[in-house]
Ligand SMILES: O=c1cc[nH]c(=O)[nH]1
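Have a look below at one chain only, the form predicted on its own, in structure tokens format.
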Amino acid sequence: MEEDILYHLDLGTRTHNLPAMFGDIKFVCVGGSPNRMKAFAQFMHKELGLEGSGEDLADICAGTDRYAMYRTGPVLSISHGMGIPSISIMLHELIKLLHHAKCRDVTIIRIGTSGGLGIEAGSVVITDTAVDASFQPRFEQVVLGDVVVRSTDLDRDLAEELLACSKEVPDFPTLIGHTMCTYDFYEGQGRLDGALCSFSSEKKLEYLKRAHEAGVRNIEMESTAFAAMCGLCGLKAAVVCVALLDRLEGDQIRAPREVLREYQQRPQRLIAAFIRRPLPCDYMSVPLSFT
């Protein structure tokens, strides 16, 4: 194409110098909430020791109300909304952006919240394989009327490296496990508290226990599409989510807001520890070390 317009990011190859803006990006972190991803960008600004407070970081996608994007040093922080359709649109345009910007050796990580399965609330789950609601490692999509099935494996070495990094932030439990991705927050995740419910509490528990036996440790709504698209495009990818509750014990989140706020910061702290380790000094105004 003579021009590629990234409609939902408010960017384009003719209107923006994408290599100059993004060519040295090494890490892309994506998450559902615009506010959370702005907070993460400000947190990384501080963690990397960059100049200024970071409070005035500009939303690169300010011309659209679909997604928000912030840059701090070599890290791009982008919101993706809720669910597979929303994240898939963002990923198509993000991957094209990385291509047009001539980025190399990029690591992309989804950070977010989830429902835990047989684990303590506040635990951080690093996904080894994203599975569908039938516990299968696949992402199914209808393309031109045909069902296309794609793999949802994630980078195992990256998952192990992230687990090793968790020892630098040891005040919360971190584990590797399967993540189940559903198309719905309520019935699709076996909840009894939606507007519609076609099953009993006994059937719900039976289903969730089968998921746990299959290796599922948390449930969310984006990981299969994320894993499939990143894998097809050769991107080194990971999913890191905190569990806000144990779904075997109930459906509704009852922790106080301040507790939930601290839970949501846990994946960010882990990713910050991971990002800081290999960075060259060019990106930092002061030496960094862990204690």
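Bear in mind that the values here come from a model prediction, so they are computed numbers and not experimental data. Counting begins at 1, following the sequence as shown.
Omitted from view is the form predicted in complex with this ligand, to which the following refers.
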> Is the binding site on this chain open or blocked for this ligand after its pose in the model of the complex is superimposed by the nearby C-alphas, counting blocked as 3 or more ligand atoms within 2.4 Å of backbone or C-beta?
Replying inline: open
> Closest heavy atom of Met221 to this ligand in the model of the complex, within 4.5 Å or not?
Replying inline: yes
> With a 4.5 Å heavy atom cut-off, would you call Ile253 a contact of this ligand in the model of the complex?
Replying inline: yes
>> Is Phe185 part of the interface with this ligand in the model of the complex - any heavy atom within 4.5 Å?
In response: yes
> Quick one: does Lys209 come within 4.5 Å of this ligand in the model of the complex, counting heavy atoms only?
Replying inline: no
> Looking at 93-101, 106-114, 164-172, 125-133, which one sits within 4.5 Å of this ligand in the model of the complex if you count heavy atoms only?
Replying inline: 106-114
> Considering this ligand in the model of the complex, which of Leu48, Leu244, Ala68, Met229 comes within 4.5 Å of it through any heavy atom?
Replying inline: Leu244
>> Residue by residue through 162-199, which ones have a non-hydrogen atom no more than 4.5 angstroms from this ligand in the model of the complex?
In response: Phe185, Gln189, Arg191
